[in-house]
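Before any questions on binding or motion, here is one chain by itself as structure tokens, the form predicted alone.
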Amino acid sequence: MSSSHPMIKAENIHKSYDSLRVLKGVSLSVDKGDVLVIVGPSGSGKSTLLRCINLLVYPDSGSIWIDGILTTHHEVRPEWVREKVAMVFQSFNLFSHLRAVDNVTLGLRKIKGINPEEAREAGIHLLKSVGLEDKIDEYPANLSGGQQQRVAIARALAMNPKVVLFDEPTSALDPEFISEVLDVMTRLANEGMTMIVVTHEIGFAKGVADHLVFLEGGRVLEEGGAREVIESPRRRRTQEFMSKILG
């Protein structure tokens, strides 16, 4: 889907931690309703890039736009950005003392000021949408990893974001629970949610993603249509990487 501007645009992003240069001039763009998958070896800067996009960390230099707004401008509040750009982490980051529905609705109650009854109704709807209608009042300890991650996805959707970032959302899951999370992500993509997904689930990337970026050493080494890069990568390093993860 095209519009007058990309939903997300990152331009020449640099980020270092002390002497370690993690991102070295990364640029990318994602149109509204598109899914971008980012792959690359450990330490290539994938997670740091996502954190820069929703300002969990600030890039040292470069610019990021969300729906045409320059979010790296000093007057833009990071809290505003995180309402527009939700993030689902590898570790579920649920509050263990809160029931599933209360984890989902925390932002609605604390940030948006929605009354508890209305927030709970919204939370129930969201949990139903990720297939957890029977787990609404369960605590995280009583949920499987896949169920916890689906609660985390429902929580991310609660703020009605423009974009959802997924940082290896299935890597902490037992194999039997991976498909239930990928199914929810596939449905979101089919419904038109703009997504950036860091993952090694190449079947998902091939079937769902519009574009794919291969990141290594803090730089974009190759990018293009997801199926094209997976099946016919141009760079030798991308070929090596794909052959390993495709087995």
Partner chain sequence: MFGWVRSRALYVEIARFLVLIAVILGVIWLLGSLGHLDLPFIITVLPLIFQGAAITLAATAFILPVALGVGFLVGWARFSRNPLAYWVTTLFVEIFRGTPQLVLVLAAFFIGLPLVAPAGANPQVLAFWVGSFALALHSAAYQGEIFRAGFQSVPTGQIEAAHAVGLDSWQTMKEVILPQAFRVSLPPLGNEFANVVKDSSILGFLGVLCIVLCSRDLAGWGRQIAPLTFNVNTAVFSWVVIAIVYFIIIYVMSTIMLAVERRLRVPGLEAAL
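All of these numbers come straight from a predicted model, not from anything done at the bench. Residue numbers count along the first chain shown, from 1.
The discussion below concerns the form predicted in complex with its partner chain, not included here.
Comparing 23-31, 190-198, 48-56, 176-184 against its partner chain in the model of the complex, the single stretch with non-hydrogen atoms within 4.5 angstroms of it is 48-56.
This chain lacks the partner; the member of S144, N160, S171, N93 within 4.5 angstroms of its partner chain in the model of the complex by a non-hydrogen atom is N93. With the partner removed from view, the residue among E117, E75, D134, E79 that has a non-hydrogen atom within 4.5 Å of its partner chain in the model of the complex turns out to be E79.
The shortest heavy atom separation between M87 and its partner chain in the model of the complex is within 4.5 Å.
For A122, no non-hydrogen atom is located within 4.5 Å of its partner chain in the model of the complex, even though that partner is not displayed. Heavy atoms closer than or equal to 4.5 Å to its partner chain in the model of the complex belong, across 100-118, to the residues L106, G107, K110, I111, ordered by sequence position.
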